[in-house]
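Here are two versions of the same chain, shown separately as structure tokens and labelled structure 1 and structure 2.
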Structure 1
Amino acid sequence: MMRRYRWSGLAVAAAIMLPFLLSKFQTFQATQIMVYAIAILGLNLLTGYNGQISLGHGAFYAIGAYVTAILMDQAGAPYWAAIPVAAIICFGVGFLFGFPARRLGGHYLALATFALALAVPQLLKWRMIEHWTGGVQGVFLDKPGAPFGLPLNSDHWLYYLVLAHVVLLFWCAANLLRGRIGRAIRAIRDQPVAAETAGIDIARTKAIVFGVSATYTGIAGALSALVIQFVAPDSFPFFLSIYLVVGLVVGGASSLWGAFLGAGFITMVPNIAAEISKGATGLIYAVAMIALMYWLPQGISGGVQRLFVCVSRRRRTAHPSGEG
């Protein structure tokens, strides 16, 4: 039990210390990375583990953010109540989308979600719902401060709020994937026919995974609304969906902690590349994606894991009696 959580525990401890070493802007960036990590984890559950390719997860991110913003702005709901509501709504939308999508194999699902990604930015500007969404202007939110008189400034509080979600959601995902359901999810990806023969209800499982995935990405969207304190259609462009895919590919499909690598990549690269040109970001993404697909289809995390396996195998052969 303790062994299993050794590395995760160390990482969380380090993450708790981190804001005291970082500047205000760096703390914001770290928070942003964790938000993206949750979104990418959601996409990974669907695409990496279940084999359902989604190019439209930006839509669920946007829904999560908008539900939170509207609840806080229109209904005066506190943020801690708005996030679970956003999560539930995203599960519903994701499940409903996944329900018909379960019949769509492979690239047809990619196509349907691609269409979703293209349509949602325009839908957010729809005049009929402008009253709630604020139209093109969007919605401004207040910055949540630390509760119970904790001696934290609001940037640090946001950081810890997001960190708490990261820990909870990654723990849930790890548990989900370890058990029977996790095996079913992977079986559907690798051998759908065999999975069905083994009694797995493919349609239902796929729809539920879609819902769970949308929930994760929706929670990330909800947190992003709090972190940035502003939602507008332009915050959720079509390319957001694509960037999430970039993060997934760079971090590595089918590895949970890869999501952090991917999130770091899509947060940091634009900052660095913007100094060269606005187009440089996209180009770096594209080259990284193709190169990784060519040499490391499992992403950076997959590459690192392979390296570990190689090293430990070599050590085992060098010291046959040792544990390795």
Structure 2
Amino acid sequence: MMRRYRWSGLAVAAAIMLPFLLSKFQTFQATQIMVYAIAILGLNLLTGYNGQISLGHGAFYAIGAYVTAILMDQAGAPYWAAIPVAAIICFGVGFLFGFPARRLGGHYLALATFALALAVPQLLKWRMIEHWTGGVQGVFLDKPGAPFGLPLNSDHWLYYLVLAHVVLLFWCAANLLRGRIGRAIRAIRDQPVAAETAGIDIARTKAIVFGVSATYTGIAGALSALVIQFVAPDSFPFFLSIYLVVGLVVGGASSLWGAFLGAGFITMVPNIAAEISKGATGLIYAVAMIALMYWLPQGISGGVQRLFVCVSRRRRTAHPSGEG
């Protein structure tokens, strides 16, 4: 445990220093990676740890972004107040959707969330709410500056704002999964019959996990609206939900830090593929995914863990008495 805290502290310290070593565009990319990591972590809580398949988390991403944009644009709310409101609304929407969906499983739940991902972008274009959502034109936002006279430009401040949310949300997820609730979540995934026999309210737990997962993804959407300074229905297509699933699988399901690896993959690999060949970007991206799934079926984090296990076994074999 102390070793884990030590590595986590070093990672946070390195992240604090990172923007001063990067260009403006690279800082933006690093910020976007952290935003996607939060969204993938939310999906991981639902799919990786609880076993509920979702193809619609892009909808919660859009809801969080639009709630933040509407509050800032229409109500004049500060961004620091809009983000918690977006989180609360996303939890409510996720819980209400997850409660009836608790009876669904496997591909049935996937289809239900797929419908949600298709419906939300169209709903945002509806004429009855166009006054708030901006319709197809979307909503433009001002980039927030550093408060209290801090000597940081807007890009650095947004980076640290997102980093603070990353640290808080990952800490909350780690503590949630280590406790009794976390054991109940995994029990429902692995042995639902035994979990119900042990007294776990499966329906209620699934609905709560759905709400918490939607909260994480909604916060990511709210932060993305601040980083990009623009929201529009076409910014949240169905493929956004697929990208989050790709990040989850590539990074490694049931792995907290795998969310960063998956976020880095869906952010950087398309750019690298475009630099290699603009005419074959999709092909290169697909080949990279197939290669990773072939060589690392448990994701990048699973491959790294297996590597550490192999190294530890070799050390024990080389020094059976514990010497050296």
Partner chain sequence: MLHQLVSGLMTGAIYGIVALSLVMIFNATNHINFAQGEMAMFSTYVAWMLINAGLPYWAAFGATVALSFVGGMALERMVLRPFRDAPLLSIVVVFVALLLAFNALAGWIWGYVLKKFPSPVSQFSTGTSLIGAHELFVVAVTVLMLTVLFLFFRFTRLGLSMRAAAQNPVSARLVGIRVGRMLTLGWGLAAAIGAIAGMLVAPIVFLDPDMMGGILLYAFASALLGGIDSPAGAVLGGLIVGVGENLLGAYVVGNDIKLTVALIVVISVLIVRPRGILGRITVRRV
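Here the structure is a predicted model, which means the values were calculated and not measured. Superpose the two forms; the largest set of C-alphas matching within 1.5 Å is the rigid core. Structure 1's sequence is the ruler for residue numbers, which start at 1.
Only structure 2 is derived from the form predicted alone. For Leu292, the Cα coordinates differ by 2 angstroms or more between structures 1 and 2 after the core has been superposed.
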